[in-house]
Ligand SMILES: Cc1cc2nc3c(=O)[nH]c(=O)nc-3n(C[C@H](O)[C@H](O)[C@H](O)COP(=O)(O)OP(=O)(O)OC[C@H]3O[C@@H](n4cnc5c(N)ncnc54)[C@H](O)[C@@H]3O)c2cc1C
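Just the one chain here, the form predicted alone, laid out as structure tokens.
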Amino acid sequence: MRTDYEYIVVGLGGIGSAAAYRLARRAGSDVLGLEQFELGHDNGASQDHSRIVRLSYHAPAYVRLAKGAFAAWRDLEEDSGRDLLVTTGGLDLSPAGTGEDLSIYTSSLEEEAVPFELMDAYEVMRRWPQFRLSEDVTGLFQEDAGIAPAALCNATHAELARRHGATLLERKPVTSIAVSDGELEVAAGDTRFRGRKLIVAADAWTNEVLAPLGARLPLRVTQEQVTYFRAPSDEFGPERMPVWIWLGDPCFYGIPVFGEAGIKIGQDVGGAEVTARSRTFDIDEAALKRVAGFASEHLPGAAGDIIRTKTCLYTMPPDRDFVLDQVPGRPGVYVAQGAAHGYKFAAVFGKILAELAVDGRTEHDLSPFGFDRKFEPALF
């Protein structure tokens, strides 16, 4: 087995597979990817039928990065010859008193010259009669939002990484990392690999991987879940219904019928705190009751039989901003942490990480996403 590479990627979920792909486009066979489970596993945060992609965000920096993400996804489509993103439009719904101020979204979109529409509850229900809303709800619609088929996108990144020459190894958990004279030694399974640059994209396992380097991020891991409710595709399919986010407290989000015979609804940050090792795959009945209650009240046509409930992990810094940076004091070691809303950016994260590893710089502004920044409470 070859053990010497120029670039090593630890973690091959949504972000890591994208990084391996982007590195392989530039460095070919000098790229190694290590995954502790099998490719496409369900133990983390990246694997499901669908994820929301959108331009609507609370800060101009995020809108700019989202633009880059859309471009990177389209680049992947061109390279693979596959149509991946599904455009549905995106709807942010904000109830008065308990919702977020949509002005921070509209001002961010305006600053970045992204078109959008504001509408009252009656107009939302006229255009999408699937919703039942009280008159105090305001909607923001942005036409470019839609669905990234997560499992297919991950498989495509991995497939193309290999096609461009990368070696991707499954069931290779990293047990130690050592740095000496500008060279990295990564122990994975019973093999020691050497490289010059290392990218850590391990999400809930990030601190475990970084521990041998004496580095740690203030991360909180929770076990979350999504539920698929049986719904008629002619009424709730991607052609008839947008992806949506309910900006109230609690916050919910949903995706039209795609990949299952029902719509997907989840609560954002509603689960119990766990670790990557202690999590279970058990259904949180209280969380399921909240989601089912929301569906019954606001999407009654889709509040039918439950097809399945699926668990995943959220891994978040206190401010819920990403971490995209070199590990302080460790030249050549980079970390990417998606803060439980990073999948939509995975394609551009891969590009950024490859630029940092190969060129030592990127055109994207990463100043909000530093490793050793002062972590404040989340703004959203």
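Predicted model only: the values in this text are computed from it and were never measured. The first residue of the sequence shown is number 1, and the count goes up from there.
As for the form predicted together with this ligand, it is not shown, yet the points below apply to it.
If you check this ligand in the model of the complex, you find no heavy atom from any of Ser56, Pro242 and Pro256 within 4.5 Å. Taking Ala202, Ile263, Ile199, Ala161 one by one, only a single residue has any non-hydrogen atom within 4.5 Å of this ligand in the model of the complex, and it is Ala202.
Among residues of the shown chain, Ala19 is not one whose heavy atoms approach this ligand to within 4.5 Å in the model of the complex. Although the partner is absent here, Tyr314 is a contact residue: one of its heavy atoms lies within 4.5 angstroms of this ligand in the model of the complex.
This ligand in the model of the complex is not approached by Arg26, whose heavy atoms all lie more than 4.5 angstroms from it. Put simply, Lys344 is close to this ligand in the model of the complex: some heavy atom of it is within 4.5 Å.
Look at 350-358, 64-72, 324-332, 45-53: in the model of the complex, residues with non-hydrogen atoms within 4.5 angstroms of this ligand sit in 45-53. Although this ligand is not shown here, in the model of the complex the stretch 167-186 places heavy atoms of Lys172, Pro173, Val174 within 4.5 Å of it, in sequence order.
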